[in-house]
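Just one chain follows, in the form predicted on its own, and it is written as structure tokens.
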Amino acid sequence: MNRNIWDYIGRRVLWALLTVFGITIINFAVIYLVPVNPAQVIAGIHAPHQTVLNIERALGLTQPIWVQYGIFLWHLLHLNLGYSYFAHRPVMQMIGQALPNTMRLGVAALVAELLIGVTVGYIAAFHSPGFLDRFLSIAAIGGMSVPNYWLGTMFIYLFAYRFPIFPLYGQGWANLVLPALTIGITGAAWYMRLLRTEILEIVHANYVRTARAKGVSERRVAIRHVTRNALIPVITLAGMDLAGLLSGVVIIETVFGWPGIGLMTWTAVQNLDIPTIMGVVLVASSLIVLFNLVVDVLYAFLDPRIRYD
């Protein structure tokens, strides 16, 4: 990589840090404005006022908001996201245990999305116009329309209960198949439509016609000139998609009981576990910012026309 790219990375890292800092402010302000007292939730509805007040003092909730935010930032600099109100464990430890499970599910789901979406999109594009292209396009629209919670429930009923091909419970690799396919089938439709559209636009580009005029074989044109350029927006979508998946797929993890970030977030919201909610939001936003940076840098390798001047 040349110096321009390193300069670009430095600027992006700086902006990423500022972005995360801004997210901490918004996150803290929104949580502070929630019209529910966490101390009251912890103590119970019928708890005496003095008990609630003691809990508020123990949690530091009686201090001004800027003091609470300052303490939060100081702890954050030491990688301390606080303690869960209900699990009574460090939030960082809880995220550290749940994140690997979400990473396994996210990577498996992204692989399923790309394998299905890119393959089907490639076939549809090079058979356009035609019956196969129309059929696959209609199937993709159907895939976009199916709610993944319904599809996941049907998968559990058919392939884990009615026909017990896959296990209902557990954290093994066999348990990844159904949730990964649930996300993969619904997500693959977007990749299919995107790649098909990009290929159909690129095959009529001037540089593709020039390559054919020079006698370049159709296979080389399809691979080097068409596919390589068509994959650039796919890489962008995949990077953002993976960041979202690693941030926690709340619905899918809840439906399948997968012990990841998403299920932990859902439990924290139900219990108004503020430290856990804030910790998950920070980790999720940091992952999205990080993958944005990685995708932008990958552009330089996928398309030599892109320069970071």
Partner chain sequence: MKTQQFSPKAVMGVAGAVMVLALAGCGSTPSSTSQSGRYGGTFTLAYQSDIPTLDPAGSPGFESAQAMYGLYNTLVTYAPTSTTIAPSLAQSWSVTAGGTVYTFHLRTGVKFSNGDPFTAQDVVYNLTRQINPKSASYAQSYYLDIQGAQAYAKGQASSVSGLKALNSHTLQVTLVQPEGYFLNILAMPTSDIADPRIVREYGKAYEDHAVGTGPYKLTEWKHNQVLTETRNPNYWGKKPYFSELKFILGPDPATQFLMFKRGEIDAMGPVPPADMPTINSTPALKKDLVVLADTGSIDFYFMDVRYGPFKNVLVRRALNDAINRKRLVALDAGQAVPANQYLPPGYPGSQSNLPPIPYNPSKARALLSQAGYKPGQLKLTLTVNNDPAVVQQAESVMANLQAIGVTVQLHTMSLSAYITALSGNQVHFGIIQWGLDYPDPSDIFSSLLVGAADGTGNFAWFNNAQVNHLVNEANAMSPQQEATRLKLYDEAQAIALNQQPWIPLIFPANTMLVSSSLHPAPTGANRYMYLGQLGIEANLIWK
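Numbering follows the first chain given and starts at 1. Since the model is a prediction, treat every value here as computed from it, not as a measurement.
Keep in mind that the form predicted together with its partner chain is missing from the display, and what follows is about it.
Taking non-hydrogen atoms only, Tyr161 approaches its partner chain to within 4.5 angstroms in the predicted bound form. The closest heavy atom approach of Gly60 to its partner chain in the predicted bound form falls outside 4.5 Å. Proximity of Tyr69 to its partner chain in the predicted bound form falls outside the 4.5 Å heavy atom cutoff. The closest non-hydrogen atom of Thr119 lies beyond 4.5 Å of its partner chain in the predicted bound form.
Checked against its partner chain in the predicted bound form, the residues Val107, Ala87, Leu115, Leu231 give one hit for a heavy atom within 4.5 Å, which is Ala87. Contact with its partner chain in the predicted bound form, defined as a heavy atom within 4.5 Å, holds for exactly one of Leu99, Leu176, Val203, Ile156, namely Ile156. Contact annotation for 37-61: residues with any non-hydrogen atom within 4.5 angstroms of its partner chain in the predicted bound form are Asn37, Gln40, Val41, Ile42, Ala43, Gly44, Ile45, His46, Ala47, Pro48, His49, Gln50, Thr51, Asn54, Ile55, Ala58, listed in sequence order.
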